[in-house]
Each structure stands twice: as C-alpha cells, then as structure tokens.
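Only one chain comes next, encoded as structure tokens, the form predicted on its own.
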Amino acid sequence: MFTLNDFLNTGLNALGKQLDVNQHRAAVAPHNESLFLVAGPGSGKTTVLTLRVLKLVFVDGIDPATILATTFTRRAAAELRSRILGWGDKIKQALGVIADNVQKGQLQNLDLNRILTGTLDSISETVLRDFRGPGMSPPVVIDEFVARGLFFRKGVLGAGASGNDSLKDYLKNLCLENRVNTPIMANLAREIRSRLIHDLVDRDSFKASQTQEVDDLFGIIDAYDNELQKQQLLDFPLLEQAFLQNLKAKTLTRFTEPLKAVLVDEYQDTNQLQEAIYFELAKIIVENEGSITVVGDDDQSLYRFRGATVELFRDFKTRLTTNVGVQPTTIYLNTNYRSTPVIVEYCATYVQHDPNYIPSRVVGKPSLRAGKSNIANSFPVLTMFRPDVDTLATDLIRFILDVVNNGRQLTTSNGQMNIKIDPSNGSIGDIALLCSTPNEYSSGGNKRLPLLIREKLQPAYEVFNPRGQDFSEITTVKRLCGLILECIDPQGTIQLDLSQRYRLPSEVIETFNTWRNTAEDFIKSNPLALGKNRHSLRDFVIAWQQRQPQQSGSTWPETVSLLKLLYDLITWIPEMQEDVEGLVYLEAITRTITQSAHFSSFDAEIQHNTLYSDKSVAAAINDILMPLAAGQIEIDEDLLETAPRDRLNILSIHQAKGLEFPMVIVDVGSDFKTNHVSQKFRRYPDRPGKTHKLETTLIAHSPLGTPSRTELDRAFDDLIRQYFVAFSRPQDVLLLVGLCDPATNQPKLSIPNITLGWDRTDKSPNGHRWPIIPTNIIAL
C-alpha cells in the first residue's frame, strides 16, 4: 500500500511517536520474519506490538482479517485493541493526505476491526463458533464462576469425596499443604485437572506413578468432566484443548488458510497446551510466508501457580526451530521509559544480585537501562522500617497524607526535593501499596498492614482492597447471603435436608449458619432503606418468609427471581450501591446467580404454591449459595478493570502486573518479626511450595519432561520475579517498607529475605550489608 518511509515519516509523525533502535527493528521487520521480543518493564512492548500490526497492514498490504493478536488478560487485550484501532485511524487519516487515487481506494476499504484480538480463550471460542465445519456444534463455554461451583457440586460432592480422609491426606502430601479440608480439596483437585490439560500430561503414566488414592482424585475429575459432557459444555481448559484438537484435525481451514501473522503478548505466562496451539498456527503461517511474533519477559513471569511454564519462553527460539522449522530473530527491548533512572538502576541490580538466578533467564539478556535521562531530579529509593507493624502503619499514613495534601520535603545529595501529588491531575489513587498478599488478617487472626492502613487512613481517605478477605467472610457478603437464606428458607429446614442428603461439608454448614447469624444481627439493627422503599427490613424478610405481600390486596407471585430478591435486599445495604468495593462484591454475586441459573433446575427462580416450591429453594441453595459458602467464588481480575482514582490502592503484586503508578509502596517485610519457619516461603524459601512440587510431579509425564531446575531453585526464582515486578511498577517514587531492629532502625540481618538483597547461598551482598545499592537511598 504505502512505502515504509511514508509509514514512518507520515504515519508515526501523526502519532507523535519516536522509536529507539530496537523498537524500530521490531516494528518494521519484514512481514515474513518471525520475532522473539524479550521486553523488560516499561520498554514499550504494547507500542511495538501495535506498530508492527499496523506496519503489516499499511506497508505490507496484509488483510486485517488474516492477523491474529493475543494477550494474557482481558484488560491487556482491550488495551491492545484500543491502540490498534485508535492509532490505526490516525495513521489512516495522515496517509490519506499523501495517498494517490489507488491508495485512497485501498484506505477507504480498509477495516481494522477485522483484526482478531483477545485472550486465547476468547479467540478459541470465537474461532470454534464462527469457523466450525459442517455438523459441528458451536461451543457453549461456562464462565469460571460457574465452573468452580459445578466442580464442587458435581465433582467433589457428586463423587462422594467430602468425607474421604485418605484422599485429603494424599493431596496434602502431593501438594505440600499443611491441612486439607473439603473446600481446599476441591481447589486442589480443580488445579490438578487444569494442569493435566494445560501440561498435556499422559494421564495413564501419571496415575501409574501414584498411590491408589489417585483413583479417588480422578473420581472427582471424571464426575465433573462427565457432567460437562452430559450438558455439552466446555470450561476454559477444555475450550483450549478443543481448539488444538480442531487445528490438528484441520477442521478450521476457513480460519487458518488465510492467516498471515500471529502476535502473542505475555508469552512468559504460556503453558504447554497454549504453546502447542501457537506452534500449529505457526506451521500454517510459515507456509503462507507469514510470521509469528512473541513478546514477553522471563523476569516478569508470575503465573506458574496457574500452570504457566516460563521455560517455554526462555527456550522459545530453540523450541520454535525444533517444532516449526523457523528460527526467529531475537530483539531485546531493554530500555525502560516508565521509571526514573534511580528506580531502573535498583531493579536492574536487584534482578541480577543472586548469581543462581542467572541460568533461569534468557541467554544473553542485557541489563535493563533507563530511558529517562534526568537523574539529577530523580527521587532516591525511599525506605521506611519500624520496630512494629502498628508504628509502621501510623508513620506510613502520615507520609502518605503529607504527599497528598502538602508535599513531603526530602534532603538529598542534590538538595531539597518535594514529593507532592500533581495538584491539577493527581489524587491519592496515584499511590499503590503492593504486598505479597493483600489479606487484611493473618492466619492467626491478627491485623496485617493492609487492614491497619485502611483503619488509620479513615476518615481522610478510603482504600480499595476488595481481595482483603476471603469472599465468603466479607461482612457485606455475609449480610446479603444470610438475608437471602432467611428469606427463602426461614427455618433452615431445606438447608438441613440438603446437608443430610448430600452430606454437605461441615465448613459449608458452618458458613451458612454464620451468614444467618450475621443477617439476624443486621435485621435487629433496623437499617434504613435507600430510595422510596421505607419498609423495615424485618417486615420485608417476614413477608418473604410467609410469602405474603406487604401491599394489601396483592397476591404473592408464583415465581420470583433470586436476582429480584437480591436487588430488593440491597436497598438496606447502601455499601452495595454506593461503595466501589461493595459494587465489586455485588457484581461477583450477581454473576454467580445469572450464570449458574443457566445450569440450575429452576433458573434461579423461587416458586410458590406449586409442587416444586421446596425444590426451587433447594436448587438455589445447592447450585448458587453453596459454592459461595464453600469458598469457590473469588474476586477475579476481570472484576477489577480499573483502579479507583479517589482511593489508596492496595493490591497483590500479581494484581499489579501490567499496571503503573506515580508512587508505589512495596511491603518487603511487615509480617517478618522473627526468622519463623511459617513465613519463610514468602521471603527465603527453605522448601518448595505446592506449585513447584505439583509442577515436578505432573510435568515429568508431559512432553516437556522433568524440569531442569530444582523445586527449591524455582521457588527462589519465582520470589525474585515477583518483587522485580513490584519494584518496576512506579514511575517516580519507590518506597520499601517493613520491620526493623529497634537498635539499628535497619532490617533485621538475622532474618534472611530475598527482597532485601540476600541470595540463595544464605548470604546478602557486602557481608550482610543492606541495601543492594548503597547510594540513592533515603531512610524515612
């Protein structure tokens, strides 16, 4: 269509974009040159991906419908698509000014919406639906919310496994868990099933290597799979498996034959099944004289616990050559344009401080370097260590309020510097606290830093931490679910019948009772309803219990939707209407009801005065409320699309992946009072974790074979990666917080901590001197 010079000089100028040497190489590479892009944090990988797609269209004349671009999360996929369409439209307009008549006709017919973008799950579903062959049924895919509940009901309870103590002991040893109750057993069995599929595990070989209890594990898995097959449903692992099977069977030729380019973002979080899909696509694309481009960073691989295999990225170049016959060009995007030079230096030094970590990285990977040049005006890396967590929280709140309201003066080697939120565009939402876990309580019930921050920051500001507690234990959730139970099953008789008939786990029954008690206490508090409804909550609940309308002359309807009951009840729960965290909880419950209704006997409706009245209540409790009570519903990432601007954001490091903030506070040790064995795994592992043990056991029976690195090495590797991601999130200010030795106000040198410069040989740099970088650090 247009020359490369036209694209660069006219198109990129319209965007106001300038590329460094490596970004330029990647964006303008020939359309048939496959690329392996190793992209560090803040290096502009989304920019490069977007411009490579647009170069393929505007310069190489590739039909947008023959380009496929995938990424790891829905949020990232939406961002990539937005850029492709937005930037593409600007380039299209700019090129239209210099186009001749033929080119103008080409631009007029150009439709960038035809580029297929999304997560691999969404693309698999789209392709299997839109390009299925004759006689093939479109896929019916269940959401993760439904899959969790269905696995618990039809898998664990359906197989009668809730009382199987020998199976619990087997899973405890297999997964290195301290304890396994029925809900934990469900989560472990579901994780193992997913890994069996994602890792392409030979099931017979795996079963032969295990004790006889593995048969009971497969009893759960088979019961769930049989239910999916019976209802002709797919969950996400089966969806990807079906996509691969159809690619291999060549039943999707209408989709595959025209393909010219596949681009894959976040490849470091790919599993073996997904790699097999990409390789099948790559074989077709190479035949079409096209290319595959993968982008990722082994240092930012965080999802091993979800089945990601970072070694696939590390060895991608060799694996693509072996399996596809193509040798990709490696390009390193190692210039960080996000953070200040001081932060970039800290990150680069941190990720290389442990010599035993280096072999886990891509061979020849250069060090991260800063794209911003003004080091004189860069804030130092800040630290705040205090003798106890309460003092830490108090001083941290004081610092945050100073930054937000007045500015905080620092005395540095470059003179006085002021840390202040931008008065015109900034807010407290520019600040994020990142933790290994955002839980507000420890396993022993003690308050952790996230909860103390929430309490001490009020009433000045609120925090946003919807993952601070287990979903079923959140007060608002307990109130709402308890009110639903009290309305539809006032005496608990149907609940009791279900408990006896299906031998519900004691944990579920206990949660049901806790919900009811919470609801009763709430009713006694006589809350006021919002809006026009001024009835008392007690009167409303009694009306439901007696199935008697509150308005005289009316009759109770034969069916009432559980959703209607839910929305009636939240008129007495304002935090589920006005509070951003409450809205997240409401969305999770609403999704559970609406999606589970499709697979429940009575479509989440409560019948009255029919033969099925009690059965409809039983279905609502069994199909919807029980999975909630069993802890099978979690706050998924797609419920957390954006971070609110008017709150302090508290996130796990995994949640923060892909995000950036002007100021980031990283908790590197607020839980570590002593060198206690119970929390070693989060700072200096002395044994592998569940993920690493399970990975070793399963992958040995997969095409990848036994991992090259030990389980303990992988535990250390993952901890280094986790905090590298945390340290690389800020744009301007990085603050590390934790506990200290009162005598020195420095982190306790008796507590090994990989985040503070220790390596896995039980040594920290410079004879246990902290920090990693002796300059450009100020202790607050």
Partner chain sequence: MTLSTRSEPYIIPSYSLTGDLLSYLQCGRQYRYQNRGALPPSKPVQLWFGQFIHGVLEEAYRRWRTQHDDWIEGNGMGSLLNFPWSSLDIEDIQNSVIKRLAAQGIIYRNRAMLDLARKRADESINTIGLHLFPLIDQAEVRLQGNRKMPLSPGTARSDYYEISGVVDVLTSFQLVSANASNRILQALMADSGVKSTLTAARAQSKKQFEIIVDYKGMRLPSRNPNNNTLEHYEWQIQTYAWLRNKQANSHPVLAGILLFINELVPSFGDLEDLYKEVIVHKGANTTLLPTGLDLQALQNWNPNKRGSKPPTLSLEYRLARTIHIVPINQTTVGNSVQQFDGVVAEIETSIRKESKGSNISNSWRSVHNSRSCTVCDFKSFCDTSGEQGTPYAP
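Here the structure is a predicted model, which is why all the values come from computation and not from measurement. In this text, the rigid core denotes the largest set of C-alpha atoms whose superposition between the two forms falls within 1.5 Å. Numbering follows the first chain given and starts at 1.
If you look for the form predicted together with its partner chain, you will not find it shown, but the lines that follow are about it.
- When you look in the predicted bound form, the only residue of 258, 707, 490, 86 with a non-hydrogen atom within 4.5 Å of its partner chain is 86.
- Though its partner chain is absent from this view, in the predicted bound form it lies within 4.5 Å of a heavy atom of just one residue from 410, 659, 700, 401, which is 659.
- For its partner chain in the predicted bound form, the listed stretch (128-136, 517-525, 235-243, 326-334) containing residues with heavy atoms inside 4.5 Å is 128-136.
- In the predicted bound form, its partner chain sits within 4.5 Å of a heavy atom belonging to residue 732.
- Residue contact with its partner chain in the predicted bound form: residue 113 places a heavy atom within 4.5 Å of it.
- With a 4.5 Å cutoff on heavy atoms, residue 160 does not count as touching its partner chain in the predicted bound form; it lies far away.
- With a 4.5 Å cutoff on heavy atoms, residue 78 counts as touching its partner chain in the predicted bound form.
- Residues 535, 561 and 597 are all found to lie within 4.5 Å of its partner chain in the predicted bound form, as judged by heavy atom distances.
- Taking the rigid core as fixed, one finds a CA shift for residue 280 smaller than 2 Å between this form and the one not shown.
- With the core superposed, residue 658 shows a C-alpha displacement below 2 Å between this form and the one not shown.
- Positional change of residue 607 between this form and the one not shown reaches 2 Å or more at the C-alpha, relative to the superposed core.
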